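Okay, here we've got a single chain as structure tokens, the form predicted alone, with questions on binding and movement later.
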Amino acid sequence: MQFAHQVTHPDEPVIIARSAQMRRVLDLAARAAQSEATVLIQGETGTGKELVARTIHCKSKRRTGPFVAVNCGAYSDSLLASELFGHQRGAFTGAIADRVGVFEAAAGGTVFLDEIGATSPAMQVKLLRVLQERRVTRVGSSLERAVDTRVVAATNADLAELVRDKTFREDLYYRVKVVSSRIPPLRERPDDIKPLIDHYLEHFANANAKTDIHLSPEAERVLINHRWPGNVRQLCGEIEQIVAMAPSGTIIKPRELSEDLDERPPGGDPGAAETPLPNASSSAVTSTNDTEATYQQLLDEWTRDVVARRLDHFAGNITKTAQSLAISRSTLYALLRKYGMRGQED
């Protein structure tokens, strides 16, 4: 049976913190690192809770010890018990040998319990005992073993509310929040967005051996003004996608950003005049006499002109053209047949 925890000795992570809110988070992390207190980090998914936990570890006297992270929400109760506490040979089907659990594997270091709010009441009792007694019992054994680990926990849930709802033990809550820190979502710290964009552009350009990839002012504005519901993780993924798809020397335009970003109307750049609405003076209408054409004729000519220019911009690429127009590939194929055009497959 395979387990997911990895014993690592991480370098201190890079955390971009221009905003006052994140500077306070990092200041608290630095002060908490000088103690052995259990730390609770709260924040939405993607805000960087594990990075702050690693920062605490790397600034502590345990920095030379292992850092072991476990997502408590990724396991059933029985598998989580084996992951955290270890098991004896024969404890269950597939347990063909003794196995050390996370708390033993992290001796002299730090255990990071991610999504601790997802644990069951039964598991909470076991975790409370570990935090109180600093001892664990492997699954299938009656022998208690002392452990020397520092615990940092994290959750995207409101643990205080879970306590009020009787789904999280109050005694465990106070055990894990000896020191408590909240990482604000990215929408609450807009001062960090531009530095994060610059950091990830440079990082992914170096990782992909690319140079001179820049954002146009319009594209940068879209990224800065987006609310980022997925927080830093979503922003990181967006920049990675941009760099992966762009050749060196590219200036990224809004049309090359993801379709679901704020300020980006379907099929066009925010504020762009590239695809104006059809009207009697539109340059997109070229072959029909305005005074005699029907609305449908004007609309067809405008549509044909827009599709032709988008297709030319993307060198005939069907997928990119369809994405830029916010239509499906099948719809684009239908338009190409209607207007006698051809594109290229990816």
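All of these numbers come straight from a predicted model, not from anything done at the bench. All residue numbers refer to positions in the sequence shown, first residue = 1.
The same protein has a further form, the form predicted together with a small molecule, not shown here; the description that follows concerns it.
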note = The one option of Val232, Leu80, Leu127, Ile239 with any heavy atom within 4.5 Å of the small molecule in the predicted bound form is Val232
message = Within 4.5 Å, heavy atoms only, which of Val111, Leu215, Val222, Leu196 is in contact with the small molecule in the predicted bound form?
response = Leu196
key: Heavy atom contact within 4.5 Å of the small molecule in the predicted bound form, the stretch among 59 to 67, 299 to 307, 46 to 54, 317 to 325   = 46 to 54
ask   = With the cut-off set at 4.5 Å between non-hydrogen atoms, does Leu335 touch the small molecule in the predicted bound form?
value = no
inquiry  = Under a 4.5 Å heavy atom criterion, is Val14 part of the interface with the small molecule in the predicted bound form?
reply    = yes
query = Would Tyr173 show up as a contact with the small molecule in the predicted bound form if we use heavy atoms at 4.5 Å?
reply = no
key: Proximity of Tyr200 to the small molecule in the predicted bound form, heavy atoms at 4.5 Å   = yes
